[in-house]
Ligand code: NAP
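One chain follows as structure tokens, the form predicted alone.
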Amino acid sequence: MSQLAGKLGIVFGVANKRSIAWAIAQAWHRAGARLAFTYQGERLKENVEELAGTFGADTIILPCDVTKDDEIARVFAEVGAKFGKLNLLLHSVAFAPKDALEGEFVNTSREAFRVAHDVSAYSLVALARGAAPFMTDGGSIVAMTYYGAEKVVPHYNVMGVAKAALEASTRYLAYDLGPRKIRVNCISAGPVNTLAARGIAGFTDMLKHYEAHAPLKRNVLPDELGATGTFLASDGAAAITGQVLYVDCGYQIMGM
């Protein structure tokens, strides 16, 4: 039997076929899960509809701006009505103004700091709160993070601070939701050439640096992130919660 046969999930954060969220969604689908998708803004609607449509014409696809509580509530009301319950949630949502990902962190504006934390960290809290009432049989919430939450990565700037908040939120959510058998974990992926990543100054150099210094001497592949996402969603990870799993070809262990 497939690892996720009969599981029902919702995916936040697909932008295009290069998205980490799409790699994990594909893996969940192959493992037997039925998924709903959201998209942020009309600009991404066509991409998400085209991709999610490959899972079947009846795939649920809904707009959702994660900074708006009324939109989050509507998404869970509609998905809950159609699915009846939820088992899985993928949070692959992050944003900071472009000028905050250039130059020095000390120059981060108050507004850029607020936006980065609202979209990239608080949204996990809001989505977990919305999903929890539908995870009546327990569930798995998976969020995407990055090493810049732990160590300084030049130009990652305020996004690193927001990812640190995301990781801390994961631990507190894991504690709160544990009695309901809902697990909350993060995957800390090595750099992947996604739409969001290309907005970080010096990203190409980052890819080369990881390849040179990671123990496996290469960068992580999207399919490998999909496999980890499937593991965290499965019963094989039933005793894992509040954790950050590094899927970065070993880069995180290196001191120099």
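Start at 1 with the first residue shown and count on from there. This one's a predicted model, so the numbers in the text were calculated from it and none came from an experiment.
Below, we refer to the form predicted together with the ligand, which is not included among the displayed structures.
Using a 4.5 Å cutoff between non-hydrogen atoms, F113 does not count as a contact of the ligand in the predicted bound form. In the predicted bound form, the ligand sits within 4.5 Å of a heavy atom of L44. Mapping the unseen interface onto this chain, V66 counts among the residues with a heavy atom inside 4.5 Å of the ligand in the predicted bound form. Proximity of A165 to the ligand in the predicted bound form falls outside the 4.5 Å heavy atom cutoff.
The chain is drawn here without the ligand; in the predicted bound form, the stretch among 155-163, 97-105, 178-186, 74-82 whose residues come within 4.5 Å of it by any heavy atom is 155-163. Checking L86, L173, M144, L124 against the ligand in the predicted bound form, a heavy atom within 4.5 Å turns up for just one residue: M144. In the predicted bound form, S92, V93, A94 are the residues of 68-94 with at least one heavy atom within 4.5 Å of the ligand, listed from first to last.
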